[in-house]
Structure formats: C-alpha cells, structure tokens
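Shown below, as structure tokens, is a lone chain in the form predicted on its own; questions about how it binds or moves come after it.
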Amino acid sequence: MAAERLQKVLSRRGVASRREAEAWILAGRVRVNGAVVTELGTRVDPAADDVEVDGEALPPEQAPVVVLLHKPAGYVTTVKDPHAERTVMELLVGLERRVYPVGRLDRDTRGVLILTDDGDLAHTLLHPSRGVEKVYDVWVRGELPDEALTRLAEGVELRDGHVTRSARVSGVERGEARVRFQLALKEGHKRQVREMVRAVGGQVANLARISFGGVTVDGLDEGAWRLLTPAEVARLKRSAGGGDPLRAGARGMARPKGWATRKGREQR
C-alpha cells in the first residue's frame, strides 16, 4: 500500500476527524514505529508501519459508514462541548461507530445532518472548491420585498465582511407578516443563511436544511437517524464532483410549531 499522510490514516480509521488528528500529532500523542511524530507532513504505510495514539494501536480498517440524522432544534452540532446542554451525538443511540459531523447546523436549525467516519469524504464534501449544494427552507418574520430576495440570490456582504456567492431562491410563499422560501447555497459560511437574511433587513424565524448534496430527510422522523445506502453515498460523491444538484422543495419537512396553513397562506 502506498504511503499516506498520517492524519489521513487516523481519520480513515475513525479515531478522529482530520482536524482533530492534526491537533493530536502536533501535541505529540501519535507514535510511528515507536517514535513520537509531530510533523503534519509525515507519511506512513498503515500496512507496514505501527501507528499508535496515546499508546494504543489503531483499530483495524473497516468500511466507512455515512449517517443521516434528522436534526431537531435545540441540539449543538459537535462531538463534545462541556457548555452545551445537548449535542447531536446524543441522538445516535445504537450506533457503535465513532462518527463526526460533516459541517454544522446551528442549535436552532433543523434538518439534514451528515455524519461519517470517512475523513476523505467529509473533507471533499466541505471543500469550498467542490461547491456541494445545500438547500434550506427559510421562514422569515415580517415583510421581505422581492428586491431583498433578488439581493440574496446575487450575493450580499455579511457583518464579518464575507461576500456570499450567488444563490438560488425559489418557492416563495407570502403570508400575513411572514415570508417562506427555499434558498440553495454552494458554500458554508458560519450562520450564513441567518446572516444573509439579516443583511437584507429580515429576521429568520425558523430554518431547516432540506437537502445536502441531494440527500434529504424525507420519511425520517425528526431526531431519528439511519445509515445512508450505497446509492445515496454515491449521490453525495457525485454532488462533490460536479453531479446534478437537487432541486428540492420543502415537501416532507415538518412545519414549525405554531404555524399552520390556510388557503395556501401561512398563518400563525
């Protein structure tokens, strides 16, 4: 087997995310053939070299798993956080593999969250150059004129100076003092949807991600998880390699509590 970067090997074996593996290497927690290694560029052959983390040998290589979680509101997207009341990892009851979130959803954002122990896949899906499409169901309190929606599609400057890439706005529904629409992005800036809406004078009242690289939570109860099928994993990989993005609507997503539909208009 050809030599690979040490952090990549650790990530693929499911002991850490790639970023966490890099931190472990720099901290001197990893040994290769008995010697502590602190260089991130170190390459190893897992078939020939003995790699240890904190004195323990790496687990045998297994086929990676990719998990789809229908994230509810109120959970923080992190593996561990001593300051968080609840993390998404608490929802993975019965899963015996150590997986890591692919990107993040805010605590109060619902919907599609992918987790995996495949560090290469996670890295690919998150790399800005891949442009993997994420689709959000956005509920805005108050009025939001067509001009504001056009600005969202063309790109806006956020408070931190980041200028967003062009996006796609669709499925606009207007109700009494509220607007609902779908927003498709090909980037993943921190709190991006909420910040984009704020930049055009609106305030997000409820937010759900309804698609990640063509994968949806249709048919999966909120708070539940399942393993992705090989076909779904293939779809994810195609989305990171130029495949056709999902043109998703909001079908299958639960409506926010306190919101109801009347004659096609959203009422509260």
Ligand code: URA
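Not measured: the values here are computed from a predicted model. The first residue of the sequence shown is number 1, and the count goes up from there.
Below, we turn to the form predicted in complex with uracil (URA), even though it does not appear here.
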Practice problem: Would you confirm whether the three residues 12, 117 and 121 all fall within 4.5 Å of uracil (URA) in the predicted complex, going by non-hydrogen atoms? | Solution: no
Practice problem: Answer with one of 152, 193, 179, 125: the residue that has a non-hydrogen atom within 4.5 Å of uracil (URA) in the predicted complex. | Solution: 193
Quiz item: Given that uracil (URA) is left out here, which of 102, 105, 88, 99 has a heavy atom within 4.5 Å of it in the predicted complex?
Solution: 105
Practice problem: Spot the stretch among 139-147, 171-179, 185-193, 79-87 with residues whose non-hydrogen atoms come within 4.5 Å of uracil (URA) in the predicted complex. | Solution: 185-193
Quiz prompt | uracil (URA) contact at residue 207 in the predicted complex, heavy atom, 4.5 Å | solution = yes
Quiz item: What residues in 107-121 sit within 4.5 Å of uracil (URA) in the predicted complex, counting heavy atoms only?
Solution: 109
